Ligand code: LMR
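Next up: a single chain in structure tokens, the form predicted alone.
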């Protein structure tokens, strides 16, 4: 009797497993061997402009491909920190990343134009560079490292936070140590005014501010808000001194092996999401500044137009240094395209 029960149990298990196999290979389901998986790694929170855009991109691709293409988004350095993403992309551990332009400048010095303080007067001037010949020239440089740049996204303009005292004049930076995301121009802009700079991955910033390893940092409102920097910083200066954007990059070999229709769908959807992301970035920075004001944890000061012009003039040595590094012709071309378009 016991033997018969065991036989019955084995038959049930075998039939059950067979039934599961049939469901997996059902013609109405996506064949997992043919399914395209794209791991998209980034280092910021999900509720930031980049985080929301990555999620929207993944959602639209899933819907429009009927599930045959899956974009798996890994936010907040879940897979790799911002200093590790390029190697991960090169190894094929991930297929898509969206590093800050400052990170790309460590590979290609001309990308430091995005870090020049007070180069851009508004987001329209930023987008003229992104979408114009200079933007294409910069993205094409990525091919040297077997990477393909597909788009450029906004986060917004950066501002200064710190402890100890309000920052209103350039000399107020003196003696403070600021976190920076890359060496080069970002270091130079602080050194110019007697401040120190320390490179730190983004996800290490909060703890370093809390422990006093650095006294301040520069960032967009959305990053300041979503990372709760107002809990460990006393002062916020709305300086709008630099721009923070992202390059959406894929592994070139992986991209070239994709079917043509898949590439077309990904490109078209990404172009649509890019326009959506730029609008969303502006909205989030405005909304979250209001939230920071409501929290009343930081003293907030907004630089006047005159004060910004003084800052810009004091930053001229930084321009000279970059000009020596990347050549006066390229920088002159960038400046010309940044000029407001006359009606």
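Computed from a predicted structure; not experimentally measured. Numbering follows the first chain given and starts at 1.
In what follows, reference is made to the form predicted in complex with (2S)-2-hydroxybutanedioic acid (LMR), a form of this protein that is not presented.
- (2S)-2-hydroxybutanedioic acid (LMR) in the predicted bound form is not approached by residue 53, whose heavy atoms all lie more than 4.5 angstroms from it.
- At a distance threshold of 4.5 angstroms between non-hydrogen atoms, residue 82 is in contact with (2S)-2-hydroxybutanedioic acid (LMR) in the predicted bound form.
- Interface residue remark: residue 118 is not counted as part of the site for (2S)-2-hydroxybutanedioic acid (LMR) in the predicted bound form, having no heavy atom within 4.5 Å.
- With a 4.5 Å cutoff on heavy atoms, residue 162 does not count as touching (2S)-2-hydroxybutanedioic acid (LMR) in the predicted bound form; it lies far away.
- 100 is the sole member of 221, 100, 209, 73 with a non-hydrogen atom within 4.5 Å of (2S)-2-hydroxybutanedioic acid (LMR) in the predicted bound form.
- With the partner omitted here, the residue from 89, 104, 236, 181 that has a non-hydrogen atom within 4.5 angstroms of (2S)-2-hydroxybutanedioic acid (LMR) in the predicted bound form is 181.
- Contact annotation: (2S)-2-hydroxybutanedioic acid (LMR) lies within 4.5 Å of heavy atoms from the stretch 37-45 in the predicted bound form, the single such stretch among 290-298, 53-61, 37-45, 303-311.
- Contacts to (2S)-2-hydroxybutanedioic acid (LMR) in the predicted bound form (heavy atom within 4.5 Å) from stretch 246-283: 246 only.
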